[in-house]
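A single chain, nothing else alongside it, follows as structure tokens in the form predicted on its own.
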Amino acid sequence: MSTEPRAASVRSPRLPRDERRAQLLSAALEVFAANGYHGAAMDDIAETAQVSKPVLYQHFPSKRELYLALLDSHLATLEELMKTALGSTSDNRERVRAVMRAYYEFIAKDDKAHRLVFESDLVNDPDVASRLENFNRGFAEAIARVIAADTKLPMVEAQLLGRSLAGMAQVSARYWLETSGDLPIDVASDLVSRLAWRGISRFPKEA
């Protein structure tokens, strides 16, 4: 009879709590991206992370809580990228370019994270939907504040334009993700930023 140690021997070593949490989130992203939320199992996530299920449950009591934590993490990353891009210059043409480029780079760097955020099979879950809406609203309102400060448009109109520009970034970037082999990221993001700027620059500047 074999006396070889069981698979538990390949489990990852003890890590500080924050590092372990990051490791588990990374493993969860792999499993959710490959199988979707409903097709993913906590067993698979534990195996991918090379930890026992009790260790996984110590950090995340359920698959849903794990998914929401992962979603929060990636939305926070994308939100920070958008804020950094908007604040990177006082030149509005360059702002548009920076926002589009940042959005495309987020997708290019980690398309699994983007699919998790915007193509989830859990998108109709109230908690997931509210997180996505909060992100979309915050992104659009950040753009709207810049528009309102730089034009004579009232805030309600600037918010509509902000939503439109945010939607342009998301829809075009998702399309580019599916066809990225045909168009370099520099060309794609520049094309969309030029389209956006030609529209928004037509509005009068505030004296």
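What you see is a predicted model; the values in this text were computed from it and never measured. For every residue, the number given is its place in the sequence shown, counted from 1.
There is another form of the same protein, the form predicted together with another copy of the chain; it is not shown, and what comes next is about it.
Engineer: Pick from 130, 124, 84, 90: which residue has any heavy atom within 4.5 angstroms of another copy of the chain in the predicted complex?
Structural biologist: It is 124.
Engineer: Counting only non-hydrogen atoms and a 4.5 angstroms cut-off, does residue 52 reach another copy of the chain in the predicted complex?
Structural biologist: Outside the cut-off, so no.
Engineer: Could you tell me if residue 20 has a non-hydrogen atom within 4.5 Å of another copy of the chain in the predicted complex?
Structural biologist: Output for residue 20 is no: heavy atoms all beyond 4.5 Å of another copy of the chain.
Engineer: Taking another copy of the chain as it sits in the predicted complex, is residue 25 near enough to touch it, meaning that at least one heavy atom pair lies within 4.5 angstroms?
Structural biologist: Taking the distances in the predicted complex, the answer for residue 25 is no, it never comes within 4.5 Å of another copy of the chain.
Engineer: Within a 4.5 Å heavy atom cut-off, is residue 43 in contact with another copy of the chain in the predicted complex?
Structural biologist: Judged by the heavy-atom cut-off of 4.5 Å, residue 43 is well away from another copy of the chain in the predicted complex.
Engineer: At 4.5 angstroms, heavy atoms only, are 115, 159 and 163 all close to another copy of the chain in the predicted complex?
Structural biologist: Looking in the predicted complex, the three residues 115, 159 and 163 all sit within 4.5 Å of another copy of the chain (heavy atoms).
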